[in-house]
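Read the single chain below, which is given as structure tokens and is the form predicted on its own.
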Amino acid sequence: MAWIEFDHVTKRFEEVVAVNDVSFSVEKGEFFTLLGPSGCGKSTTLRLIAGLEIPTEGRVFIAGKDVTFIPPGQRNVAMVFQNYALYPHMTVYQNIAYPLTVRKVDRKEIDQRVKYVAENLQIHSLLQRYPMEISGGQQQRVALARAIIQTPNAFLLDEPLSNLDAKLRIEARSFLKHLHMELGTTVVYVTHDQAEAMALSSRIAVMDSGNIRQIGTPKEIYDSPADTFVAGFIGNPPMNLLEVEIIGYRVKLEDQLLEVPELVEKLLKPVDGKVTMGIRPEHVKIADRGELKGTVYVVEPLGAEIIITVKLGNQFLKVLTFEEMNISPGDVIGLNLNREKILLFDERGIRIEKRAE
């Protein structure tokens, strides 16, 4: 049985459809991420789970119970907001204890649970300080401690790392993953950062304009994007998407021809005409006698890796390499594409499926 379930949920704000007929389920103990650009509806979806918004249409279930019209305080979920929402006039101890204090839990039990959680999150030395006296990373841990102390049905995390600097974000990301493994609690996580989503998630729902484009494991989303939106959103750098023409068993890219008989033979239906070809930058190799020729447009050294943008006629293709190369803008280079990794998308941007073997 699904632990959290959306059944054809729509949320409208006057003329704006923030969530459009969305259905999905989250299993118990899963780390489920809602990923997408700003304004795609992911935070509204999270607020619908929390009960901070009521669906215009559809139903929401938590732990098998219809909670569509049940108030937030009765849903037994813990939400961590982007700004942490700590009470500035309370100490760290009081902030963490607050959910239990309002429920009138015994003081001795509150004290034991606060100290236990603080010890596990390595903030026990901060308990008598105020939020303004601790760092952003420490505030994030306090917000998480306040959520954890409730032993909820689910943690709802709304971009909890977005206010941290790059170094702290990486540390906090590792901490969150470890924490999930330790607690085994269901997590629904909202982010626009695809690296966070890929690193943390059991499954990812990619959202755009209130719709879910694809749900899958990080590997499924990365290797087999459902459409050009997902292909272009996931990956750093994202998948190369090139306008090509299929002619028999060849791909025509600008004025160059690429033989792809293995790819065409595996397609569900014969394809002739203009389509979009997708290939990840790491699946393009620079070679002296490459099957394609292009002109180096820009070279971006990023420490361990190098991104090279190559111009092919009026289109651009990115190459990701970990090898030092004596290449400069204006050089003409050869390129080989990994045939097994090429994807094709139709005129609607939907991935053309391959025939079952």
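Computed from a predicted structure; not experimentally measured. Just count from 1 along the sequence shown to find any residue number.
What comes next is about the form predicted together with a small molecule, which does not appear here.
Novice: Between the options G290, P37, G29, G58, which residue brings a heavy atom to within 4.5 Å of the small molecule in the predicted bound form?
Specialist: The residue in contact is P37.
Novice: Please tell me which of L337, L343, A18, V9 lies within 4.5 Å of the small molecule in the predicted bound form, judged by heavy atoms.
Specialist: Looking at L337, L343, A18, V9 one by one, just A18 meets the 4.5 Å heavy-atom criterion.
Novice: At the 4.5 Å heavy atom threshold, is G41 in contact with the small molecule in the predicted bound form?
Specialist: Contact check for G41: yes, within 4.5 Å of the small molecule in the predicted bound form.
Novice: Taking 4.5 angstroms as the heavy atom distance cut-off, pick the stretch from 61 to 69, 43 to 51, 318 to 326, 301 to 309 that is near the small molecule in the predicted bound form.
Specialist: The contacting stretch here is 43 to 51.
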